[in-house]
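Shown next as structure tokens: one chain only, the form predicted on its own.
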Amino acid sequence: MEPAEAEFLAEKELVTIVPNFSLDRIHLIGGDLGPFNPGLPVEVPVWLAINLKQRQKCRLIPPEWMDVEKLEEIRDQERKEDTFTPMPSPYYMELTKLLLNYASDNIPKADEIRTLVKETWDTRIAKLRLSADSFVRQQEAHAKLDNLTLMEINTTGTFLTQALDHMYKLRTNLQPSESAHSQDF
């Protein structure tokens, strides 16, 4: 899966906006949205929030976890733990990128948030690389990937599957074949 595909999936996540227009409930394939009333918060998918924001039809309210203090806690917890800690959203990286690219003026301390999310991402990817290295060195056959996001799995997925494929080929080539065992007549 490409990063753009993970971002597409993230766009379905709900965020809160405060519209500056009136519109009755709209009926979409994915469900009903609205009604939209000026000054009254309403939850909409990220794709719609971005579209309305670009047209200056709303103000975006950042997700609860998109706060400097909460992100510092998440980063520090991730650095402390040997295992992967649960993230506030399965699409935390994609949502941060989208919301900061299109609505940074609605997000307090946007630069600090960007830095904290990047530090958390870097910590998790380093942890993932160490885990993958250990996995390959110990010649394991399976792994448990708790609390990883789709984007994180995709980042190392190709490398890991290729490494496992090479390990399999090496193992099968090192094992003596059945015909080599019985050359007695």
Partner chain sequence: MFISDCRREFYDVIVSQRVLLLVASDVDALCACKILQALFQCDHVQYTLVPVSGWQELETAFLEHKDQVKLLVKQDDDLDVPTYDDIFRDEEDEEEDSENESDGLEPSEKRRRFEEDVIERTMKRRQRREWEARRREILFDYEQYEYHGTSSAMVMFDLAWIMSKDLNDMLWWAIVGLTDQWVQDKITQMKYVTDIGILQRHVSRHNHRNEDEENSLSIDCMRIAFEYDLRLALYQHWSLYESLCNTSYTSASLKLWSVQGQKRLQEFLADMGLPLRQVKQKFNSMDMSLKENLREMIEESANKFGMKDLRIQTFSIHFGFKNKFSASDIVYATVSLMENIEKEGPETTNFIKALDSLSRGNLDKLHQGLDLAKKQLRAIQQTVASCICTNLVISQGPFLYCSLMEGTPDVKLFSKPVSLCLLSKYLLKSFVCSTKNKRCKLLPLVMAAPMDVERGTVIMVGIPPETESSDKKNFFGRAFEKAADSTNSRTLHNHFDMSIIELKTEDRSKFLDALISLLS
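Positions refer to the first chain, counted from 1. Because the structure is predicted, anything quoted here is derived from the model rather than measured.
Just so it is clear, the following notes concern the form predicted in complex with the partner chain, a form of the same protein that is not shown.
Enquirer: Any chance Leu98 has a heavy atom within 4.5 Å of the partner chain in the predicted complex?
Expert: Leu98 lies outside the contact set for the partner chain.
Enquirer: Check Asp111 for me: does it contact the partner chain in the predicted complex (non-hydrogen atoms, 4.5 angstroms)?
Expert: Yes - in the predicted complex, heavy atoms of Asp111 and the partner chain come within 4.5 Å of each other.
Enquirer: Give a yes or no for Asp105: in the predicted complex, does one of its heavy atoms lie within 4.5 Å of a heavy atom belonging to the partner chain?
Expert: Yes.
Enquirer: Taking the partner chain as it sits in the predicted complex, is Lys118 near enough to touch it, meaning that at least one heavy atom pair lies within 4.5 angstroms?
Expert: Output for Lys118 is no: heavy atoms all beyond 4.5 Å of the partner chain.
Enquirer: In the predicted complex, which of the stretches 152 to 160, 127 to 135, 25 to 33, 53 to 61 has residues with heavy atoms within 4.5 Å of the partner chain?
Expert: Within 4.5 Å of the partner lies stretch 53 to 61.
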